[in-house]
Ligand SMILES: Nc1ncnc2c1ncn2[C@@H]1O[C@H](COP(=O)(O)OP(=O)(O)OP(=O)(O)O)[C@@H](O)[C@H]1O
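Okay, here we've got a single chain as structure tokens, the form predicted on its own, with questions on binding and movement later.
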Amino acid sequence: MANGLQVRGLVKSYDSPSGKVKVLSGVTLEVAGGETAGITGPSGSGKSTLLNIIGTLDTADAGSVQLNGQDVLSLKGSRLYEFRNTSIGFVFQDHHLLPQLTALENVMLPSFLAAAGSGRERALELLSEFGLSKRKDFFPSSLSGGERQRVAAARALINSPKLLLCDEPTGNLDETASAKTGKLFLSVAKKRKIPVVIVTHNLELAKLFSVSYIMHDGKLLPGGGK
């Protein structure tokens, strides 16, 4: 798959007092540009580990991850850091916004780290797209849960990533805000033609995506989808 995410045979184990614990058992996943994949499953089934390996926050014992044809797991050092900051956007259950920065400043932050200038105009465009223009000068403590997650999504997109990874992005939201945020990620994938992978316990949310999977005992099983 030249355009999109291709995961092949990912294996991951961790040491424990009782020996090796296998978390991923040969996981394979493909998500084309413009498509969304929802992954559900019980706690401890390997969902977040899978996302962390795809996002280069963790390493695999075996297998491969390719993004638009690039071998992701082979990157090291400064090349890995640059790739992670410019090519992958992350949204987590906890928005991780800096409380001392405004919404606009939080969105702009990754552009400074990428040495891409202030990114102010780009940040303003994203906040407008997500219906937050009037909230740009608000601090996170003055925003609702849904608004904070939309700011986090805007921040994840400031460097125009090639992949968006979301780990329980609606876990702290009510039903209305959860549905609105889920539809936001659908529009992100479609408009930007990038793959979006979302780990969620929300089965209704997972049904909105192009395809959904269930993680069970370290294996990724088909779960349906649209």
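Every value quoted in this text rests on a predicted model; they were computed, and no experiment measured them. All residue numbers are counted from 1 along the displayed sequence.
Absent from the display: the form predicted in complex with the ligand. The rest refers to it.
Undergrad: Please pick, from 46, 195, 38, 182, the one residue with any non-hydrogen atom lying within 4.5 angstroms of the ligand in the predicted complex.
TA: So the residue touching the ligand in the predicted complex, by this definition, is 46.
Undergrad: Taking the shortest heavy atom distance, is residue 42 within 4.5 Å of the ligand in the predicted complex?
TA: Contact check for residue 42: yes, within 4.5 Å of the ligand in the predicted complex.
Undergrad: Considering only heavy atoms, tell me if residue 190 and the ligand come within 4.5 Å of each other in the predicted complex.
TA: No.
Undergrad: Would residue 206 count as touching the ligand in the predicted complex under a 4.5 Å heavy atom rule?
TA: Taking the distances in the predicted complex, the answer for residue 206 is no, it never comes within 4.5 Å of the ligand.
Undergrad: Is there a heavy atom of residue 10 no more than 4.5 Å from a heavy atom of the ligand in the predicted complex?
TA: Residue 10: no contact with the ligand in the predicted complex.
Undergrad: In the predicted complex, which of the stretches 154 to 162, 62 to 70, 48 to 56, 169 to 177 has residues with heavy atoms within 4.5 Å of the ligand?
TA: Flagged stretch: 48 to 56.
Undergrad: From first to last in sequence, which residues of 19 to 33 have any non-hydrogen atom within 4.5 angstroms of the ligand in the predicted complex?
TA: Counting only heavy atoms within 4.5 Å of the ligand in the predicted complex, the single contacting residue of 19 to 33 is 23.
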